[in-house]
Structures are given as structure tokens and as C-alpha cells.
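For reference, the chain that follows is the form predicted on its own, supplied as C-alpha cells.
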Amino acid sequence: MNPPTTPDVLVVGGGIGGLAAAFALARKGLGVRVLERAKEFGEVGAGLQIAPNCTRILADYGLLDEARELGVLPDGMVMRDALDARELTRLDLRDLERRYGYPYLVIHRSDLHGIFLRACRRAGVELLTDRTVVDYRQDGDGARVVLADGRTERAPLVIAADGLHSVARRELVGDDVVSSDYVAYRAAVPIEQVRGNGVAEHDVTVYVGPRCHFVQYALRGGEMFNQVAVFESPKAKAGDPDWGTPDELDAAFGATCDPVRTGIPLMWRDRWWQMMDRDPVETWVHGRIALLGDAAHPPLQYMAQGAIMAIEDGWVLAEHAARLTGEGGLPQWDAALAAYQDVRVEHCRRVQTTARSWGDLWHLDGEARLRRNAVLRERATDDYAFTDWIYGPTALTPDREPPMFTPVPLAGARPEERPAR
């Protein structure tokens, strides 16, 4: 049997984006039902970086203190060359907090998911598992989803937060994912396993190298250590469907510096993540079906904004839903959805395209790498020209979206004097 009542909002997908949207709308007094395809709620992965544009929203939700307790507030973000380990540039994350008013936080993905899951339960969100949505349909003044077992559910608004391989995205847009030919390996291990490796426990460290990079930072109050190894797969470039395998991992980092090579044996080798995104699209709202999170704007991971953008999406939509109300105090959904799309599409397009460019910059080789290194070393620690557009308050209207940064051309840079190793 179908549930006896019709919610105000139906959210498809119980990941971070779906739960964050459900909570954002429920706290505005709306009845929200979440449909999750798995048999229980949970997240797979390791660490997430949460910048001030998101911790600001967590503070608004009353969830920042819990996130602080479960996560880590690093002192700095340091970028190093993966071949010779030399420091290229850094952000003082304590100063960054003073500038933007909210901290830069790192947290285990499952911990952030748990924060939103508990918040949803407290807010009265109806959380249903083992519900696989296979079809989306418009339904008069609302929308309807069809489940794998033939049952249907409807609501005045359906939010498709069903991820990179979204059923709604396939049906409503019809585009395909774009492979970057890069793959990510992850690991989160007890801090004792890495203390002898010369790791920086109080920083987020990013080693950038030719066609690869390596990220390290502590998690869970410093008790665990997160590592991410990313590299371009020769098998992917050659069209081999079985790409990103552990032998490629070892080969990709064979020429890197000692701190990176020491970390590679700790990576999980039974699973890896092929890095894919989609080209930006202008339309996320189709009648009363709205795409959200990775279903709308899946990015490559270089900006560390994927989960953040999904959380921002829910916050923006809920703010407009509360502002644009009609008879009986219910949202004027068409107006709220138009306002949501008007501001979020351009912001997320910027993040998606910048993430692609950032990946190209990180993975340079030869003289281009030396020019990049020279430009990065010239940057002042207190220069926020490259973060003001992203770490400030989340815009609710297009006129509040800050201007983009001005790219620094590498062509005119003088390469560093000493070559790699």
C-alpha cells in the first residue's frame, strides 16, 4: 500500500544532498518524505572538506557545533609539488575563518551524513528505505514517481537528488556522464599508522604532480588520517573498460617524493572511484520536478565543493519556498523553483568549469609545471582573490553572486630555477 498521506515534498535520494534538502524544507514547516533505494541510510567514502560557504549554512541550521565535535579544524591548507615535496603555496585557515566568519572543516563523509540524518529525524522528516525510483512523471499540480515494485508516490514537488547517475537526469535531460580518465583511491586509517611517515596532522596537504595528485588530512578529532590518491589512467585513455586498477595506482606514483610514495601502500585497493562529471545544463526544473546536487551539477572533485553545492541547493530552495508563499501559507512552488534555478545554475556552472581547469593546473608536467610552481610561490598567504567568489555567503539572487577571480596566465611566468629532482 502507498503511504496514507501526501507530503508537501518528495525527495528521491537519501545521500547528503537529499537529506540536507529534506531538513532545510522541514524546518520551514513543510511535510517531507525521503525515498532511499538502499535498505538503510548510509554513505560510502572517507573525508570531506567543508569550506566557509557551507559551515555558514551548518551554523544557520544549528548543526555546526556537532560538526566541529566530529570533524577537525585544520590550521592550514598547503600545496606541495608531488615530485620534490617543496611547498608551493598555502592558506592560513585560521585567518580564512576570520575573513569569512566561519571555519574550514574536514569531516568523515559518514559523520556529516549522520548529522543530517539525525536532524531530519528530529524535524519529523519521513524516511523510507528500500524504495527504488525508476520513473518520474508530471501530475497536474505536482509530480509522481514510479517505484521498481510498481507503486507510485506523488507530491506537489519532487526533488531528484539521485546522484551522478540520476534516473531523473537521464529522463529529463538525456545527456551522459563525462569521463575525465582520472580515478581516485581513498583510505582512512588510524592516525598511529601514519605518524612515522612525516605527515602534517594539522594541515590539509595537497601534493600536485604530473597526471596525479595526493591529498592528506586528519579526521575524527585527529584519531584518523584520510588520504586520496588521484591519477590519470592509461587504460582509460586507451579505451580499456577495466581501468583505474591497483597496478596503475602504483605506476602512477612511482616517481613521486617519499611522503607520497609512503602513503600509497595504505590506500584501499578493493574499490576505486572513476572520476566523472557532466557538462553544465541550464535547466534543472522540469514542471514540478527539480534536480538537486549531483543530479543537477556533478563536479570533478578539485574544488572540494560537490557536497557543499548540494547543501547550498537545499538551503536556497527552502529560503525561496518560505519567502514565496501563497494561500494557506504554502509555497508558490513555480515561483520558488524559478528563483532557485535562476541563482544556482550559474554558480554551479562556474564551480564545474573551474574544477575542470583546476584539475588541468594540478596535473601539469614539464616546463608548464615549473611555470605553475613559480606562479604559486609568488602568491601571498593572505591573498584571497581566488576564494572570495566561492567562500562568501551563498547567494539567493543572481545580483548577489560575487564576480569570478581573474585567472593568472602561466605563459608569461618565468619557470623556477631548479628543475624537478
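Residue numbers here begin at 1 and follow the sequence given. Values in this document were obtained by computation on a predicted structure and should not be read as measured data.
Just so it is clear, the following notes concern the form predicted together with ligand FAD, a form of the same protein that is not shown.
Checked against ligand FAD in the predicted bound form, the residues A307, A187, M224, C120 give one hit for a heavy atom within 4.5 Å, which is A307. In summary, among the residues R379, R356, R37, R68, the only one with a non-hydrogen atom within 4.5 Å of ligand FAD in the predicted bound form is R37. For the three marked residues, L64, L157 and L291, no heavy atom of any sits within 4.5 Å of ligand FAD in the predicted bound form. In plain terms, the part of the chain that comes close to ligand FAD in the predicted bound form, with a heavy atom within 4.5 Å, is 48 to 56 out of 48 to 56, 385 to 393, 367 to 375, 24 to 32. With a 4.5 Å cutoff on heavy atoms, L317 does not count as touching ligand FAD in the predicted bound form; it lies far away. Within 4.5 Å of any heavy atom of ligand FAD in the predicted bound form lies no heavy atom of R169.
In the predicted bound form, at least one heavy atom of E43 sits within 4.5 Å of a heavy atom of ligand FAD. Not displayed here, ligand FAD is approached by V133 to within 4.5 Å at the level of heavy atoms in the predicted bound form. Residues V12, G13, G14, G15, I16, G17, G18, L35, E36, R37 are the members of 11 to 37 with a non-hydrogen atom no more than 4.5 angstroms from ligand FAD in the predicted bound form.
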